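Just one chain follows, in the form predicted on its own, and it is written as structure tokens.
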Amino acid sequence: MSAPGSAASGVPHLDIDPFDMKFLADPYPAHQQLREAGPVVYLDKWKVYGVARYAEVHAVLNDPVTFCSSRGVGLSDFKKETPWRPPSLILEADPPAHTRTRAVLSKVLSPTAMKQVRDRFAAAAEERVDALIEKRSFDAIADLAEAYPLSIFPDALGLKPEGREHLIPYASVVFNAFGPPNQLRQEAIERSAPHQAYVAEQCQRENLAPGGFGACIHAQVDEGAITPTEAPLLVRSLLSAGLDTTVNGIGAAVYCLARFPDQWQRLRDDLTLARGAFEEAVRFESPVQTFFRTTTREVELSGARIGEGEKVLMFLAAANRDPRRWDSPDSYDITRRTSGHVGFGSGIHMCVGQLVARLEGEVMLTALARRIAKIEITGEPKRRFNNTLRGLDSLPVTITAA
């Protein structure tokens, strides 16, 4: 048994820092190195185990008893350090506590609930496309990937109109905080006070409009499903889960379709491929790149013995392009059978906002493909750097109406 903070024998040691700016700018060569080194590796820089192949990532995600979330899904171990904010009752919780709170969110964001908002979401997508056709040249991140979800999701949640500019920066703080104490994390947390204050305030029952997803969560208090202190924290989970996944997912899809005009044409010829085009973009670009788990006992994973209390870093993005699992993993193909990709996670902690993201992605891509003949990238795309998320800060495009 190896001492905590040192690797078990036989596990390859790698000098890769997955939170380094160079890595974040272009993770693909390192992803290949991580996959080829072995099923389980050890990253000396942060003293953590890593898994980058699909089989091992999937196995860790689907064994929440051994690989727990309650000790933090970032590098920080909540058993040894105080979390920077009260832990999430969904993301940073284990069963049985997680089972109860998750059931509440699953009820609020159920397929039935999505059916009820579908027409409204689709109409808003059409409106957005109208505005973009008028502009012709625009930033596909600010004017589309962010503008569309911001025009629809906060209303569905029941948020007040003022202060919504805090929503995207707040999500960015949350996902930077899962990383190590690097510059990205430090700066994000230093700047986070106004965003945190806004979110905490908006999650209170009296600030949420009746009939919205937020009010539905608070109504579960009256049913005895959750406590009055848990309700605001669950609304908070919805805020980050329902927005950033969608913004980054739609951004990824537009970026892919603009770079692969043959796939854009395919989508235009068959609008039923919109859901697949969104899903394949989530696999191909993996807006959520990594998450950690912590071992609750000594465990053997693909021949590697890992002690109790060790952090295991799952490279979701590397698993989503593992040639052991996917044919031509580095090509974007909207007809691919993507089921099983880990872009939204897998198992009991699978992204709770995924149905919202999928609905918004599908109606937005349908509206775009129906009305637009061509999307061209007309400037240098800029990355938005984040310890956990991969997305663009700006994507200048010009469109030609159909």
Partner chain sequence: MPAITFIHPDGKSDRIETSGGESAMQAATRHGIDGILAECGGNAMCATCHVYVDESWFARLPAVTDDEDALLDGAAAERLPNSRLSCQINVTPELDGLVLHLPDRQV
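Note that the structure is a prediction, hence the values are computed from the model and not measured. Numbering follows the first chain given and starts at 1.
Below, we turn to the form predicted together with the partner chain, even though it does not appear here.
Within this chain, residue 358 lines the site of the partner chain in the predicted complex, having a heavy atom no more than 4.5 Å away. Proximity of residue 82 to the partner chain in the predicted complex: non-hydrogen atoms within 4.5 Å are absent; the residue sits far from the partner. In the predicted complex, at least one heavy atom of residue 115 sits within 4.5 Å of the partner chain.
Contact annotation: residue 373 falls outside 4.5 Å of the partner chain in the predicted complex, judged by heavy atom distances. Taken together, the three residues 31, 91 and 293 lack any non-hydrogen atom within 4.5 angstroms of the partner chain in the predicted complex. In short, of 373-381, 344-352, 64-72, 37-45 it is 344-352 that has heavy atoms within 4.5 Å of the partner chain in the predicted complex.
Interface residue among 128, 275, 98, 195, judged by heavy atoms within 4.5 Å of the partner chain in the predicted complex: 275. For the residues 166, 218, 268, 102, the 4.5 Å heavy atom test against the partner chain in the predicted complex is passed only by 102. Residues from 318-340 that approach the partner chain in the predicted complex with a non-hydrogen atom closer than or equal to 4.5 Å are 337, 339, 340, in the order they occur in the chain.
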